[in-house]
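Only one chain is shown below, in structure tokens, and it's the form predicted on its own.
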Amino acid sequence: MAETRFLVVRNDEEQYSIWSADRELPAGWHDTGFAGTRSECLAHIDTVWTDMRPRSVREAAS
């Protein structure tokens, strides 16, 4: 049985998630170009998502 492939996706608030590669992306989410196993995608998110605050909150704080 093949392992499910996932995409790393990001919304307009720059929040990350994973999404099954064989499903259409939900409205408001965009493919970041990274795909892999669930574990690989979650590890990638841990690396790139260093500030968990939504973009609008970060911008309001600056």
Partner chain sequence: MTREWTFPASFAQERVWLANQLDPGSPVYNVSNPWPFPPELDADAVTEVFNQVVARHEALRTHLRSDDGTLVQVVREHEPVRLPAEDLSGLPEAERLARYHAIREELARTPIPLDVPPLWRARLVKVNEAWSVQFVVHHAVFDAHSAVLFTTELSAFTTAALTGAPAAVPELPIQYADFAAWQRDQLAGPELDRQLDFWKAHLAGAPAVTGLPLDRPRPAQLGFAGDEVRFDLPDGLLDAVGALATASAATPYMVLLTGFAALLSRVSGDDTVVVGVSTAGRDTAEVAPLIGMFVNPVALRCDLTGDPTVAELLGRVKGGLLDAMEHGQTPFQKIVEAVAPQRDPSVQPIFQTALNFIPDSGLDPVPLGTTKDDLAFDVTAGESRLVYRTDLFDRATAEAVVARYVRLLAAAVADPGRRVSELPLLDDAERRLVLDDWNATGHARPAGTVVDAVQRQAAATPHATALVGDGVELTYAELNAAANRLARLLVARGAGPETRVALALPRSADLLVAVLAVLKSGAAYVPVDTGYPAARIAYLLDDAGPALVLAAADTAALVPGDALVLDPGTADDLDAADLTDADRVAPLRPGHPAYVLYTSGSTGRPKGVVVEHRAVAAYLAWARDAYPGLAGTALLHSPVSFDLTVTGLLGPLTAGGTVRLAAIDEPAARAGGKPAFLKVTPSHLPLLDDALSPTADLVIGGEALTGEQLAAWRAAHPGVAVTNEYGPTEATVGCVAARIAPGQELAAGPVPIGTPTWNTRALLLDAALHPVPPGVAGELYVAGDQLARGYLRRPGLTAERFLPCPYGPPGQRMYRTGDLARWRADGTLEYLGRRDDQVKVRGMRIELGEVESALLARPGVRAAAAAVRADSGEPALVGYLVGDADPATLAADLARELPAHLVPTAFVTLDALPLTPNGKLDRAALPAPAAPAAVDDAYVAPRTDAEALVAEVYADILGVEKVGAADDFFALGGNSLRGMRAMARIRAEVDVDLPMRALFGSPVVADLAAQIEKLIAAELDELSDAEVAELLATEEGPTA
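Note that the structure is predicted; figures quoted are calculated from it, not measured. Residue numbers count along the first chain shown, from 1.
Beyond what is shown, the protein has a form predicted together with the partner chain; the following relates to that form.
> Counting only non-hydrogen atoms and a 4.5 angstroms cut-off, does residue 34 reach the partner chain in the model of the complex?
Replying inline: Outside the cut-off, so no.
> Does residue 21 reach the partner chain in the model of the complex, with heavy atoms at most 4.5 Å apart?
Replying inline: Contact check for residue 21: no, nothing within 4.5 Å of the partner chain in the model of the complex.
> So which bits of 27-50 sit within 4.5 Å of the partner chain in the model of the complex, heavy atoms only?
Replying inline: Residues within 4.5 Å: 27, 28, 29, 38, 42, 45, 46, 49.
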